[in-house]
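What follows is one chain in structure tokens, specifically the form predicted on its own.
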């Protein structure tokens, strides 16, 4: 009886947490379908007349469409680079008899704790000196640098879970270190690789401060900056803003839903490996 009550309490707590997490998204979704005349009138909470006018306005907005393209390209390139470089750094930390492995991991974790705002000024001066401001490269390089500590930390934990017997058998067959990593370890740690990639992609997708500082025009602005600049000068188009927030949430949401099995397997593998 006590175990059943504990299970019921855990289920109710989880349901409340899920509801609290989904409520802002649900509110934005309902707002996006309300006509302008009904936006500031409560109740009712549900739209009396469902309208897609807000989405029609958003989808023809050139700045938002270009921001979606910029965010997708920048975040995808930065994520792929982070996975490639992170795998090369995680392999010796996870598989080789490296001295001071704990200190290396602690240093990597400490680097990820640096506040981004403390890095904005030197990064801005360097980017302006190189003439890279308002380009994709001005965001790809900082995103790569900021996501590498998390990538290396996660991939190190995932690569540790691959049985060493597999690696030893490959070495006996004459496979090189790079071949072992590319052909054996990464395929076996694919769930962890996918889960790390999704986490890094979403992290880069939501980044705002660097994107605001290093971009100046629609040519390189990302989604968070485009949303921040979306409101008008004299009034805030709440319906259009809600529709825009739903539209820009679809790519990372589709990514998570499309790879949710890999993400869950990867995160479960990481949790079990740390026990």
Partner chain sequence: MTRRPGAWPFLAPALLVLGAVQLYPTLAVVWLSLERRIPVFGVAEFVGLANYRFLLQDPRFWQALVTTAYFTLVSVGLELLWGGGIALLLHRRRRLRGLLLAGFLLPWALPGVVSAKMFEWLLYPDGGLVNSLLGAAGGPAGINWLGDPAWAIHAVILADAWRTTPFVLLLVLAGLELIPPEVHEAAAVDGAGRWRSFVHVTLPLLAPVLVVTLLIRTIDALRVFDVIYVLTGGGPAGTTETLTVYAYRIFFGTLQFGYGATLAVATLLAALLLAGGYLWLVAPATRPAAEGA
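What you are looking at is a predicted structure, and each value in this text was computed from that prediction instead of being measured. Positions refer to the first chain, counted from 1.
Another form exists, predicted together with the partner chain; not displayed. Remarks below refer to it.
Contact annotation for residue 115: at least one heavy atom lies within 4.5 Å of the partner chain in the predicted complex. In the predicted complex, the partner chain sits within 4.5 Å of a heavy atom of residue 245.
In the predicted complex, the partner chain lies farther than 4.5 Å from every heavy atom of residue 197. Taking the partner from the other structure, the partner chain in the predicted complex has a heavy atom within 4.5 Å of a heavy atom of residue 122. Contact annotation: of the candidates 169, 132, 184, 145, the single residue with a non-hydrogen atom within 4.5 angstroms of the partner chain in the predicted complex is 145. Residues 171, 177, 178 are the members of 158-178 with a non-hydrogen atom no more than 4.5 angstroms from the partner chain in the predicted complex.
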